[in-house]
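We've got the same protein chain twice here, in two forms, each standing alone as structure tokens: structure 1 and structure 2.
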Structure 1
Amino acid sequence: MKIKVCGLRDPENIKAVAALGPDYVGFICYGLSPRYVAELPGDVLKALPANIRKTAVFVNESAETINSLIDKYAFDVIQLHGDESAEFSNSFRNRVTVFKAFGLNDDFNFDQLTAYENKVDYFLFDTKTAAYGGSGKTFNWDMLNNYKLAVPFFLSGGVSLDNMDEIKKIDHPQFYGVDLNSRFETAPGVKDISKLKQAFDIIRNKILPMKYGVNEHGYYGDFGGAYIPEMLYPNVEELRQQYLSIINDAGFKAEFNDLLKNYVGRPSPLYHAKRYSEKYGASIFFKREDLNHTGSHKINNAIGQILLAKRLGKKRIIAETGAGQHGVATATVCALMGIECVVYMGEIDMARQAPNVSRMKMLGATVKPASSGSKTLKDATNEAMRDWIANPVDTHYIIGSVVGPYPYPDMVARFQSVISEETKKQLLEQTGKELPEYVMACVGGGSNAMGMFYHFLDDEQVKLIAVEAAGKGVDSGHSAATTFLGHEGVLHGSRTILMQTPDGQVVEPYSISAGLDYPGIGPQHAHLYKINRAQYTSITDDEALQAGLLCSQMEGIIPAIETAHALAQLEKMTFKSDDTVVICISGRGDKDLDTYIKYFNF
């Protein structure tokens, strides 16, 4: 659920609102409004975080004036609140995101919106007034059931703390965000920060969950929850009670964002792969998580969780790892913060990912082998959980994927969501639109995929493609294609889809990729699969390795074998020439060189 705060004017008030972290802030550029601002504070606007979209609100203004103010203040979004035509609205989409507002009353005819369907990015539904909004009055929200188009919408008009329960009941598939304005003011253009904070807390604490997000009980539809032994209850309950307030704290956000920028090296580039685009007949973009410090997306979550652990007073960190990238990321942040680190890793994975084992040890971590079962990621996770049960007071478990008991799937997804958040902004800068036709990523437990999907979940026109590891073939008995082979059950603390025997025993997974040989998927992925929001497919070892070689020789990028699974899926797809495709390059292939060398006999 996106949050827009509109009608700002006072510089100090703007700073205070920005500190709450809205998705959009709006400035009224309409002279007859009591919230009109003739001259915006340029220094304050420049200081706004890049993830807050600056929005200008116009009423029947000329194109010349609108373009002039976009240039002057670098607006990201314009909101057209008058009688602007569909063609007029569409003329700005090569520069900014376009909202078209409509005032609703009992006589409103939704058919008039059809002309705008492919001409604007979002609708905003307000209460019809002679003054074009700002009345603080609501319209009959039941009318929204008559809206049938695919354009997402924001709800405005009388939204307040008093009607949050009514907003919660709105279950429209295109309900994308709320506009908080006149009912949150001490005077026209001056926002009541205390009221706004209450509203933000209500919305972000999942009283108003995303359609595809977690509810207040920790479930994504039928999946999720916390199926844990009694000894782990205090640990998990401590996290559940505190994680949202900690990660939404302004001080936490500032430290997290600073480390992402100055330590990790974010934003990671969105690279237009020109030779791939020519080959596959579409505009192919790579989201370069492989260029992060430590070489993968895993560092995003590790930074977030180490800061959380510090605020919880923990003195020791444990983690599990398969491909070794999460282990390296965890060892890295522990070294950065001076905290003891123990990483569990399957014996087979330790052998095939030996360089990452050495990196963890060089960073000061203790690497403990898991020698039971398949001696891979599943077994490393088992050992880490046993450690946590034995050390419940001073230890925090940094889970590396969107798996485990609630709140881990939601928490990890939030930390990884920076991937899709950046992608939208970068796509807008490079292509003039923030929504691609396809978003693709590989899936084991699913953290890079969930980070890549997160900010596109409510954009139902975007097709989400998740690629699992078929291993030697889905019918070979040597596979990790969970959605093809799995059934609903409980794995590592959550209800999800996993590979299991008829009597409930976990089936050992297989993949040549150490990061994808997990017998289940995260509960949010299970939900997206079950409701058909995302397409889950699978790629064999051979297909992945060939795709890794192709990427190396066509784009000069050696991908992790995990990533190569997503790249291989391109061979099975057909695109239109104007399609935009974004693929998460989740990690670099340095760790997999030995596997590549043996396979291709280099």
Structure 2
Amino acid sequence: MKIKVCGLRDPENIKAVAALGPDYVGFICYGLSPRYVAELPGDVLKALPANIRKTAVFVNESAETINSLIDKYAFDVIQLHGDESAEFSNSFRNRVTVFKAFGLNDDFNFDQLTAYENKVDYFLFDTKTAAYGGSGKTFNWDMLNNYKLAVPFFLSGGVSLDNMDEIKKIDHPQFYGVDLNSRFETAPGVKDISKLKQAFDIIRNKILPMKYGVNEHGYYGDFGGAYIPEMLYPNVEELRQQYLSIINDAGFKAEFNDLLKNYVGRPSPLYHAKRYSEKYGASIFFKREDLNHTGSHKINNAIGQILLAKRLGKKRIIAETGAGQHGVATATVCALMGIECVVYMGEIDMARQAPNVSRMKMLGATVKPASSGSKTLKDATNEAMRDWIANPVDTHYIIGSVVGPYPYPDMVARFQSVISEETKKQLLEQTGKELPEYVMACVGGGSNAMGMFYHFLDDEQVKLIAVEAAGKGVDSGHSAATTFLGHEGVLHGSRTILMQTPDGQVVEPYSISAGLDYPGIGPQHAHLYKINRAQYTSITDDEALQAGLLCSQMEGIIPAIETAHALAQLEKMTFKSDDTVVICISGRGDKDLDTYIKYFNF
């Protein structure tokens, strides 16, 4: 659910509102003399973070004025609040995102909106007044049931703290955001920050989940929840109660963003892969998570969770790891913070990934072998959970993927969502368009994919493609293609899709890439799969290794074998020449050199 705060003027007030992190801020440019508009605090507008979209509100203004103001203040969005035609609205869409506002009363006929379909990006439904909005009154929200088009809309007009409960009841597939305006003011144009903060908390955390996000019980449709023994309940409940208020706190955000920038090296580049683009006949972009400190996206989550653990007063960190990437990321952030670190790793994986075991030890972590069951990632996860049961008070468990009991899938997705947040901004800067046609990523548990999809989930026109590891082939008996081979069930604390016997015993998966070698997927992926929001496909070991070689020799980037699965999927796609495709390069291939060398006989 997006939040737009509209009607800002005062420089200090604008800064205070921006600190709350709205998705959109709106400036009324209607009825003002050009001279007045010139007095908008341009420096303050320029200094707003790029993820807050600056919106200019016009009523029946000339194209010339609109264009000159877009130029002057670098507006990202225009909101047309008068009688502007569909064609007129459409004429700005090569420059900015376009909102078309309509005033609704009981006689409103939604048929008139059909002409605007595909000509504007969003509708904004306001209360009809003699003037153009601004009454502070609501319209009859039951009317929204008559709206059937596919254009997402914002709800405006009289939204206040008093009607948050009614907003919660609006169940409309295109309900995309709320517009907070006059009911949150201390004086015209001056917003009441404490009221806004309350509304943000309610909208973001409790009442209005994103359409594809988690609900208050931890479910994504049929999947998720917290299927944990009572011994883990206090630990998980403590996290559930605190994670949102901690990670939404301004001090936390500042520290998280500072470390991402100055320690991890973010933003990671969005690279236009020209030779790939030529080969596959589309504009192909690589989101370079491989360039992060420690060599993969895993560090984003590890940084987030170590800061959270510190605020929870935890003195000891445990983690599980398969290939060792998450173990290394966790050992790294523990070294950074001076906190004790224990990493569980399957005995077999310790032998397969010996260099990462050494890295973790060098970083000061204790690596404990998981010698039960199949002695791989799922058993390492079991051992970490057992450790947490025995150490409920002082220990935080840093789960490395979007799996586990709620709130982990949501928490990890939020920490990884920086990937798509940056991508949107970078794509806009580089191409002038914010939304690609395709977004692709590999999926084991699914954390890089969820981070890559996160901010595109509500943009239904963006096709999301998740690539699983087929191993030696989905029918070979040696595979990790969970959506092909799995069934609904419960694994590691959440209801999801997992590979299992008819009797419900978890099956050991196989993939040449240890990072995709997991028998389940995160519950949000299971949901996206079931409702067809994302397409799940699979790539064999051979196809992945060939794609890794191709990428090395065409783009000079040696990808992790996990990532190579996503790249291999390109071979199976048919693009239109003006399609834009973003692939998450989740990790670098240094750790996989041995495997590549053996396979290709270098």
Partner chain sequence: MNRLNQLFTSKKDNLLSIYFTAGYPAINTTVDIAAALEKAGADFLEIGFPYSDPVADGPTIQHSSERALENGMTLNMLFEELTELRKRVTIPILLMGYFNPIVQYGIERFCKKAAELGVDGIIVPDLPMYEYEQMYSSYFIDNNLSNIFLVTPQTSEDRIRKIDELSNSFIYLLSSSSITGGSLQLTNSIEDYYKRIKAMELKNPTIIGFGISDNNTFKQACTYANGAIVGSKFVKLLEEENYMEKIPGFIKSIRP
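Just so you know, these numbers come straight off a predicted model, no measurement behind them. Start at 1 and count along the sequence of structure 1; that gives the residue numbers used here. So that the term is clear: the rigid core is the largest set of C-alpha atoms that superpose within 1.5 Å between two forms.
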Check: Two forms of the same chain appear here; which of them is the form predicted together with its partner chain?
Finding: 2
Note to self: So that I can tell if Y438 moves, could you say whether its C-alpha shifts by at least 2 Å between structure 1 and structure 2 after the core superposition?
What the structure shows: no
Next item on the list: Would you tell me if Q174 moves between structure 1 and structure 2 by 2 Å or more at its C-alpha, with the rigid core held superposed?
Entry: yes
Notebook entry, point to check: Can we say the CA of S552 moves by at least 2 Å between structure 1 and structure 2 when the core is superposed?
Noted result: no
Checklist line | Cα shift between structure 1 and structure 2 at F154, which is computed once both forms share a superposed rigid core (Å) | finding: 2.3
Next item on the list: Align on the rigid core first, then pass along the CA displacement of N67 between structure 1 and structure 2 in angstrom.
Entry: 4.2
